[in-house]
Structure formats: C-alpha cells, structure tokens
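Quick setup: one chain, the form predicted on its own, written in structure tokens, and binding and motion questions come after.
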C-alpha cells in the first residue's frame, strides 16, 4: 500500500502499518477487549507505552555526550510517569491483567516494554512488584516462553556496533 515495511500477508490480505497489523492480530485472537470500553483502555495504555518505548528506542542513537541526559530522562519517565500508571491500574482492580482480567495486547506490549527497560537498567523495575508479577505471568505463557528462548526472533536493543554498521549503510 505505502511501499514500505512492515508488511504482513495474512488471511489473503497484505497488512501494513505496525499498529494496524497489531490491532488486526489482537482482534483475531481475542486480545483486543470484549467491547469498545475495553478497546479504549487497551489503546490508551498502549499509546502511553509507545511514548516510553520511543524514548528508549532512541537511546542507542544518542550521541555519547548526551547519553547521561537521555538515561536520566528514561529513568525519570519510567519511574515517575509511566510505570506508576500501570502499577496503579493493576493495584486498583486487583486482577492479573490490565483490562478485563484477561490477557490483551496491552499486557503483551507492556511486558515487551518491561524487557526493554530491564535491558537498559533493571533497577528501574524494582519499585513495581505488580508489574514484575505481570512480566513473570505473561513470560510463562507457553507460546511467550518459547518466543523468549535464546535464538528466538525477539530482538534486544541494538549494540553500538550495530548502530555504526547502520550508519554506514544508511548514511546517517
């Protein structure tokens, strides 16, 4: 459609745009809430996750003289803005998952974000026991557990060597 990736062929269609693909898969597999209210909550939570995800994703591209400031921003936003929201949601309803006490795309995306945070600075998760429990719970689901095994398709944050190679190839 837009001559770009990602593009996924599924159910006889060519799907493009990351969020559209995720929403389609989540809907198809009953991970997108039972009604519009639950879908709204899932969307609000996931959009907040994207905000933090974007900050973390840019860390490897940050010039060396700005890394400390970027890490301080990640730490502040993680501990003071984003993770407290998700911890509070889990605490407020006392259920195992963010929405409707059922696994949703919000839980899966949050666990992926928690892994990214842990790769940057594991201590950032220390004050969030309910999020740590969610991470463990979701990580132990059979298909997720299989996906997280060494050699899986999950990609960690890029290394400095990977960034240097990308800079050469894409000339940025």
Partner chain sequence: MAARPRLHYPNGRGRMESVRWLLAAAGVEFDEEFLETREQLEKLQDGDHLLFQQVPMVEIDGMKLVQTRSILHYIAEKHQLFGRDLKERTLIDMYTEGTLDLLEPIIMHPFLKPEYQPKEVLHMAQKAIVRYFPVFEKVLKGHGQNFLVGNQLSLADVILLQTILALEEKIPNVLASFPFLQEYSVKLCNIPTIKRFLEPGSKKKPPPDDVYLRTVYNVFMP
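Positions refer to the first chain, counted from 1. Given the structure is predicted, the values throughout are model-derived calculations rather than measurements.
Although it is not shown, the form predicted together with its partner chain is what the next lines describe.
Peer 1: For the three residues 133, 155 and 159, which mark the spot I'm curious about, does each lie within 4.5 Å of its partner chain in the predicted bound form through at least one heavy atom?
Peer 2: No, the candidate spot makes no contact with its partner chain.
Peer 1: Consider residue 39 of the chain shown here, and say whether it contacts its partner chain in the predicted bound form, taking contact as heavy atoms within 4.5 Å.
Peer 2: Contact check for residue 39: yes, within 4.5 Å of its partner chain in the predicted bound form.
Peer 1: Residue-level contact is defined here as any heavy atom of the residue lying within 4.5 Å of its partner chain in the predicted bound form; does residue 88 satisfy this criterion?
Peer 2: Yes, residue 88 is a contact residue.
Peer 1: At the 4.5 Å heavy atom threshold, is residue 119 in contact with its partner chain in the predicted bound form?
Peer 2: Answer no; every heavy atom of residue 119 is more than 4.5 Å from its partner chain in the predicted bound form.
Peer 1: In the predicted bound form, does residue 128 have a heavy atom within 4.5 Å of its partner chain?
Peer 2: It does not: once its partner chain is placed as it appears in the predicted bound form, residue 128 has no heavy atom within 4.5 Å of it.
Peer 1: 40-48, 142-150, 57-65, 111-119: which one contacts its partner chain in the predicted bound form at 4.5 Å, heavy atom to heavy atom?
Peer 2: Correct option: 40-48.
Peer 1: Listed by sequence position, which residues of 126-156 have a non-hydrogen atom within 4.5 angstroms of its partner chain in the predicted bound form?
Peer 2: Sequence-ordered list is empty.
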